[in-house]
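Only one chain is given next, in structure tokens, and it is the form predicted on its own.
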């Protein structure tokens, strides 16, 4: 597989994928229907329990892979199975090639296996002169097209029925229709002969039970059973991470995998193979059976305190199904072998830094993958860690160096922002937006109008705005974030207005700086740590009942990441935990603590849609408060299924991948505009900038507001 040699080259590949109209439509249709079917099939069970059970089972197993391997080996070999351990891809391929040679195998049928894709087994065997046929329908299609899978579960999702019809016409020598059922019959007819003629069948395995020497396989096509029964030789190639002690640990995987992969309560076929079975085609009437376990870094990965949880992956592909980036461009440019968010992590360990260094940057940090992972893997955090690891081995880009230098020096940063209001005048004009930016400075951001810096930041307005409360019920601090301090100070002003007469003392510690999320997203972990320590000193949590943020991204970062990046240093670890516990988003505070009353607001208001910031609905797990506030304030709230779909900003992501950022926000706005609403409300200034700036550029009839702006508009006085 080819891979990009530069970020510029990788962006060219992304642009080509964006232009693949059928793929985009197919992925959009699939990912939309997937969410509904998945939710339906998890309705009859506890998703939280399944996630916990799979996580515990996999974590327990990865601590004892070597022992489980020896246990399986002893049990399986007592039943006539030969068991091998391959240290790397080359060893795995050579072992299987030798098995073929020893048994005079010339024709091979192979079922779908990501592990086999990982080691490029088919290519290796074909170079040795063997005829290898992929017998999964999707895999056979992409084999004939000389491609690699674009999805772990649906490898040919990017191929239209018209393209398949032409392909099958070429293969069979007869014109084929584009009717899907007819094409399936063609595949069945062509492949059936391959099963009959095959000397060897190759499979993977979804879980391997050490106690009984059993392979467990989950499929939706009958080809696996044909491939593992008809040929006289069966070879199973599996990663050592598929080992579990007993059936008890395998059953949660069996319960969660089909639901999360394809939205089924159980797959069409669940196959268990224990020992070498009877086989009339074999010389002694017994199947010649081998199990090849692949290490390829897994044993070392299992001992890593941070990345070991990546081995929980059950290969359901759900993280790709909900990923906004995958939805746009597909797996051929959003993965190497393993696609989607989990691929951004595994590619580094299984295929190296060069193949992952641009892929790993292509993450919005929207956390959709974490929310859908049935194994409970914290995928966004691991992706950020991979970025940091890769960055440590690379020359630091100018963007990284510049941001890390500036953001870790609060006074320098704020001085630059103060100066910026004068420097921006030649490109601002008379509006609140910048007319244009020089090409060398975010020139690709022209899909949205970028806001100008405010003439007077919030920190310079604070003394005139500060409420005077003599006997407060609560004492709170505002964490402003950069955007609302220097770009959207009106958001903070409206919040202070909403606090009027509520006996709540509001403080604004002026030594606070940037939250640090932008540098963490660039892999600058040490800079993020320095910023966190500074803010911890600036806002002592013991002085406040709550620390309120009007930025969901800041709030999620302060609450989730600060304890993680600062660590457990004596004293500081306790203080940062206290700090994180005091963080509260503005909607939750206004609804549940300040308890705004409906009589403060007008009885009715415009039709209003809501955009849930990723870091609010998934990071902070806040769902109900914003929607309840809209109704409380008299706005006609109009729900929509895309409320929790990312707007495409992703902080610095929009700078690196503007084409994807633009496509995501434009698609979202089209769907919202179809609701015939006047307002689009959100809880994050970054989302406001992305949505409002795009609305301005495209002149859409939609008013984008921060939650506090929408509430303030509805106030009676």
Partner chain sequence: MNRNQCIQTFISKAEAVSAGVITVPHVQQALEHVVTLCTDKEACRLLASGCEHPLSQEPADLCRLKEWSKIIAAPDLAAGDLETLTNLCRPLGIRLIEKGLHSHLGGLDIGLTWARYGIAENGTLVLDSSREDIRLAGMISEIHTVLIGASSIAATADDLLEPLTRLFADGPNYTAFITGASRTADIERVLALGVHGPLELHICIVQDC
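Positions refer to the first chain, counted from 1. None of the values given here were measured: they were computed from a predicted structure. Rigid core here is just the name for the largest C-alpha set that superposes within 1.5 Å across the two forms.
What comes next is about the form predicted together with its partner chain, which does not appear here.
- The partner is absent here; in the predicted complex, the one residue of 367, 214, 387, 296 having a heavy atom within 4.5 Å of its partner chain is 214.
- Screening 206, 122, 228, 391 for any heavy atom within 4.5 Å of its partner chain in the predicted complex leaves a single hit, 228.
- Under a 4.5 angstroms non-hydrogen atom cutoff, its partner chain in the predicted complex lacks residue 463 among its neighbouring residues.
- Contact annotation for residue 541: none of its heavy atoms lies within 4.5 Å of its partner chain in the predicted complex.
- Interface residue remark: residue 433 is not counted as part of the site for its partner chain in the predicted complex, having no heavy atom within 4.5 Å.
- Its partner chain in the predicted complex is not approached by residue 471, whose heavy atoms all lie more than 4.5 angstroms from it.
- Note on the interface: of 312-320, 369-377, 159-167, 593-601, the segment with non-hydrogen atoms within 4.5 angstroms of its partner chain in the predicted complex is 159-167.
- Annotation: in the predicted complex, residues 190, 197 and 265 each come within 4.5 Å of its partner chain through at least one heavy atom.
- Residues are counted as partner-facing when one of their heavy atoms sits within 4.5 Å of its partner chain in the predicted complex; in 226-264 these are 226, 228, 229, 230, 247, 248, 251, 254, 255, 259, 264, in sequence order.
- Once you line up the core between the shown form and the other one, the Cα of residue 37 ends up 2 Å or more from where it was.
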